[in-house]
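Shown next as structure tokens: one chain only, the form predicted alone.
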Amino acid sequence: MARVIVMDLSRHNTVMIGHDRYFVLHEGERSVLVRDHCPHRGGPLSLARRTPDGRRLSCPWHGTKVGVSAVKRSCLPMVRSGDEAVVVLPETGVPVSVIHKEILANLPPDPTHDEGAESR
């Protein structure tokens, strides 16, 4: 059985499910709740910066670039209406909390970032 929570997006942007963290990633007009975990070594993708083309996130730990499309594949079902989001969580039996955290991944891409300097 799934668990449903309601988030006030004007106050919260992160969900902790046990030790797993998910954050609200904005993609144009759409927002998705994605896992805050780089597949390389688990870096916090919420602190990643977008590449100049906006299509990838550069992990803050090792600079590994992760496609936004790949990150979105880890999303949890969420329906947004204004500042309210209804999220369907897996029933894991672990505590769930909703918090506010700094999310750099939603900032505009850094135009001064030299993408060629990182070869990963």
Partner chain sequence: MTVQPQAAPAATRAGGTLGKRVLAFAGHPLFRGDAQVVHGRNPYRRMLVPGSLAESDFDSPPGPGEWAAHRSLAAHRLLGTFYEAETVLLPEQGLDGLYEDFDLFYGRDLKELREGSVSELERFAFGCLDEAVDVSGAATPEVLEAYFQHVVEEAAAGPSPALTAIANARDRKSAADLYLVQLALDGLTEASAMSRNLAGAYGPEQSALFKIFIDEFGYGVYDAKHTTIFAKMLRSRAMATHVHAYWNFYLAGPLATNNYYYYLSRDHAKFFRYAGAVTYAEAVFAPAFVEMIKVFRGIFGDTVDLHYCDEHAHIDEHHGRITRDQVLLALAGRHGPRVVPELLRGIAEARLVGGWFEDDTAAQIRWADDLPRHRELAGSARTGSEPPLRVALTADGPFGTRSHDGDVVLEVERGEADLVTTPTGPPERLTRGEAVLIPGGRLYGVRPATPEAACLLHAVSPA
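What you are looking at is a predicted structure, and each value in this text was computed from that prediction instead of being measured. Positions refer to the first chain, counted from 1.
Not on display, but discussed next: the form predicted together with its partner chain.
Contact annotation: its partner chain lies within 4.5 Å of heavy atoms from the stretch 28 to 36 in the predicted bound form, the single such stretch among 28 to 36, 62 to 70, 91 to 99, 45 to 53. Taking the partner from elsewhere, Arg80 is found to have a heavy atom lying within 4.5 Å of its partner chain in the predicted bound form. Along 1 to 20, residues Ala2, Val4, Val6 each place a heavy atom within 4.5 Å of its partner chain in the predicted bound form.
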